[in-house]
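One chain is shown next in structure tokens, namely the form predicted alone.
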Amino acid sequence: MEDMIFYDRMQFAFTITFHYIFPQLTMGLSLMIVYFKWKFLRTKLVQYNDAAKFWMKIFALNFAMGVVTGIPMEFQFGTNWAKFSELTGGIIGQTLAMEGMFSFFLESSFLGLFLFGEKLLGQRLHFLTGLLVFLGSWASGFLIIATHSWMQHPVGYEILENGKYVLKNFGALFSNPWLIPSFLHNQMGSVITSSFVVAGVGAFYLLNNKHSQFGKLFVKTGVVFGLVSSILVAFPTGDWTAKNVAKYQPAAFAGMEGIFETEKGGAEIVLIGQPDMENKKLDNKIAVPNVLSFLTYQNWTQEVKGLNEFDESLHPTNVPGLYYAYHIMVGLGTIFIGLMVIATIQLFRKKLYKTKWILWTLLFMIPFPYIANTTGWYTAELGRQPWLVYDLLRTVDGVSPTVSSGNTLFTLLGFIGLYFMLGLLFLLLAGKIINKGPETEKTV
């Protein structure tokens, strides 16, 4: 049984990790495309319009890959997690169906019009199609996170005699206190990814002395969006999300922060340390006294419960994984803020485009927002364990008893091979688009 649960979780973790490489760029990039198109309408500078159409090609490629890699996850609800689907389908099916029926079709329909309908529609309607693509992509993220939020903090439900969960208050799904902070935090993470990609591509052009006009535009836009989103992902959205964890999932909060013993006179914030699960302590830690209590409760001496306060059956099942995922996310987020502050200063000094070490850094930093977003999701998922639906349905009770671990391992290996090929194809196509650069038009 343990092997079956392990492989079921590994398969879903692999497929969703690979899948989320693509939506995190499209959601943030859709906002930047709307910005480029809006700037074109205001300034009549064709460069902005060319930039919008260039990045919509990247968006379309990411969108297609997201669709292809997202479909297998839906099937896994019916194969590996059939019991979970049977018990909770009356609730999570609501938001997932809305995402598919409304958001996905809104996004995909107007994506085609933006790509191919500029001359037919005219510039204002063309801008509107880009805006609707943006609204569709963010609505899709909202509905997915509404589903996730119910699993993290279930509200508005009742349990039938047969054990199934059904909604008794539809509005509760969207007034869930977990939803808004999680959604805003996630979206700011997506904007960070798109900002670093846009700035990195611009840096690539400047360092190679090609498409220099667009290189400057992309670097400037990426840095400005990156600075704002890097700050917002930390405060208020990250702070708000962490406070929710402390309030509703205190055992997960203790695991994230590496707190084994309750700290009654004020909790320190750990900068570096390694969890020692055998002795229930952090090794080689560097910490700042009382800061965690202040950040969480605005009280320097507020007690913060440690894992010792909770029965071990309620502990996160992988405390080291949870601790490291959280600290990697926070550490990278701090680096993002620092880099974007330095780049913004150089931008205002009109020296950014000639400061090669910053351009090289922006180029090589492209993968790291993906890592930060992934570890952020790992923090949320590892923190919820051992529950599929927090405090209601354990992971062990949600698997499909008739699907063997051997079958799951076999299909997992198949996914790994298939996704490796898809990843290579994506890199090849994206590389060709970027290497070719934006197509310029003298008249519009």
Partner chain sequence: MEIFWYIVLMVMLTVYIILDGYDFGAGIVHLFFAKKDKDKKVITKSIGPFWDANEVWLIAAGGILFFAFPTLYAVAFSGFYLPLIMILWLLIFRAIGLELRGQIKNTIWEAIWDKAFGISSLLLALFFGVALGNVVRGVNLGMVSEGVAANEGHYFFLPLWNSTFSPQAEHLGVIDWFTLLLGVISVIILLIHGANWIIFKTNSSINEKLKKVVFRLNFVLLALVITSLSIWDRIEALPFHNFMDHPWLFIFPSIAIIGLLGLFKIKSFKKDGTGFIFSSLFLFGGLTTTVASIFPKVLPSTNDVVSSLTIYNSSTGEYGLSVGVYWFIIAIILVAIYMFVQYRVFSGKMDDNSYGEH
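The model shown is predicted, which means the values in this text are computed figures rather than measured ones. Positions refer to the first chain, counted from 1.
We do not show the form predicted together with the partner chain, though everything after this point is about it.
Although the partner is absent here, Phe110 lies within 4.5 Å of the partner chain in the predicted bound form, judged by heavy atoms. For Thr411, a non-hydrogen atom is located within 4.5 Å of the partner chain in the predicted bound form, even though that partner is not displayed. Residue contact with the partner chain in the predicted bound form: Gln47 places no heavy atom within 4.5 Å of it. Contact annotation for Thr241: none of its heavy atoms lies within 4.5 Å of the partner chain in the predicted bound form. Segments offered: 287-295, 188-196, 342-350, 159-167. Contacting the partner chain in the predicted bound form at heavy atom distances within 4.5 Å is 159-167. For the residues Trp357, Phe364, Phe75, Phe235, the 4.5 Å heavy atom test against the partner chain in the predicted bound form is passed only by Phe75. Between the partner chain and the residues Met10, Leu422, Ile16, Ile434, the one pair within 4.5 Å by heavy atoms in the predicted bound form involves Leu422. Taking the partner from elsewhere, no residue among Leu307, Phe310 and Leu392 has a non-hydrogen atom within 4.5 angstroms of the partner chain in the predicted bound form. Looking at 57-81, the residues that come within 4.5 Å of the partner chain in the predicted bound form, counting any heavy atom, are Ala60, Leu61, Phe63, Ala64, Val67, Val68, Ile71, Pro72, Glu74, Phe75, Phe77, Gly78, Thr79, Asn80.
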